[in-house]
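One chain follows as structure tokens, the form predicted on its own.
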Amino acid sequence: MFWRSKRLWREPGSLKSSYDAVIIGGGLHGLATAYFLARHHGMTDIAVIEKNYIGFGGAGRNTAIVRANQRTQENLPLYKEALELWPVLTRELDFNLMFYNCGNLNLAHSDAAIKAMRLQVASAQYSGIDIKLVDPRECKELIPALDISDRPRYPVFGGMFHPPGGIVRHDAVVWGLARGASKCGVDIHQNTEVTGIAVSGGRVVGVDTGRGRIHTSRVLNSAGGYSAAISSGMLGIRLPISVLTIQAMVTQPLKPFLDHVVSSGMYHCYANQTLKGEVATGAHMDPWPNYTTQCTGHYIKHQAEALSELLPCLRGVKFMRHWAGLADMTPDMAPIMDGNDHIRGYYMNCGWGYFGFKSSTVAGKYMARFISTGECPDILKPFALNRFEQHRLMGETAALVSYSADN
């Protein structure tokens, strides 16, 4: 007997000639914005336009880590609320997002790194975030397999432990948001390419696609690694974004031994153990701008060396899969969430770098409010595009550089 499973979201079929809003990009940020627009603001006449299939880009190419241990006072409230949204959305969407707050341990490998973490912990605690400094012995208690001896090239001096952090199943988030948005009336058009954005009298009036023009007065550019090219190529708005490749991989399945997410800025390495027993691990991004998602032997070697230094029990374990994704990185490693004074109705949610997954739901929540009301929420105002012209770059990079510099 042959049977056909029921789709999680409906297929809209033909493209309507007009929508109240068009969202370019069927990733987590685009889907989250569509869901919140429809569910919380009653704006259901929305089209999500995706060139490939939903979750094709960064949404399906990440290691699913969520946390709120950022450094700056602009970022901390945003990521704190994002972390608190996962259980709320699980109930609201009636969909298991597989959120597991196993805790996040960031390692320090020098006295200077401990000092930088002390500042980071104080900033986070001031914002009401659960985080604390831990010494090497406490790191070992959290992760018994961790080598805290003098043998590694960079010995463990301590770390900061963030109990609410953890992991969420990224595919489940894509499916849950798509289903939730579709139930509210949102049209999700896959395999549809946006070819242009029409502007008249200083206002957005339409979006051109490979299937025809859509008349609309609101457009959100939420295309991840392709957002800068869309903005500059279709509207002449240049964004200070470099597109960089980030690679990740998983090992063969192992018996459970890693109860928390562990990361090291010095080793440029982070890891967690999945429900299947695989150790999912990633590294820093490629140091040159590119649009390739090819994998390299260099990173396989790097990850093997870094993981076996920190967790010697992994020596001899095989990597099973290796993948790469595109990160749209701004100079201050903070996103651009803004409208445009010269082209009314054009909104941007891009430049997330490798922080896009953990922030997707809260960014969608506030971008939906922005689009529906035309008024920028206070929590988004620090992320305006003009901060680069006004030299108001955020200090998020300082925390990363301070404990990853090899000096």
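Remember, predicted model here, so these are calculated numbers, not experimental data. The first residue of the shown sequence is 1; numbering continues from there.
Absent from the display: the form predicted in complex with a small molecule. The rest refers to it.
Problem - Residue contact check: residue 370 to the small molecule in the predicted complex, 4.5 Å heavy atom - result: Answer no; every heavy atom of residue 370 is more than 4.5 Å from the small molecule in the predicted complex.
Exercise for the section: Look up in the predicted complex whether residue 40 has a non-hydrogen atom within 4.5 angstroms of the small molecule, and give yes or no. Expected result: Result no; residue 40 lies far from the small molecule in the predicted complex.
Problem - Interface membership of residue 325, the small molecule in the predicted complex, 4.5 Å heavy atom rule - result: It does: once the small molecule is placed as it appears in the predicted complex, residue 325 has a heavy atom within 4.5 Å of it.
Practice task
State yes or no: in the predicted complex, is some non-hydrogen atom of residue 49 no more than 4.5 angstroms from a non-hydrogen atom of the small molecule?
Solution key: The answer is yes: residue 49 has a heavy atom within 4.5 Å of the small molecule.
Handout entry: Listed residue (310, 230, 334, 93) with a non-hydrogen atom within 4.5 angstroms of the small molecule in the predicted complex
Key = Filtering the options by heavy-atom distance leaves 230.
Handout entry: The single option of 120, 192, 75, 303 touching the small molecule in the predicted complex, heavy atom within 4.5 Å
Key = Exactly one residue meets the criterion: 192.
Handout entry: Segment assignment from 251-259, 124-132, 221-229, 177-185: heavy atom within 4.5 Å of the small molecule in the predicted complex
Key = Residues of 221-229 come within 4.5 Å of the partner.
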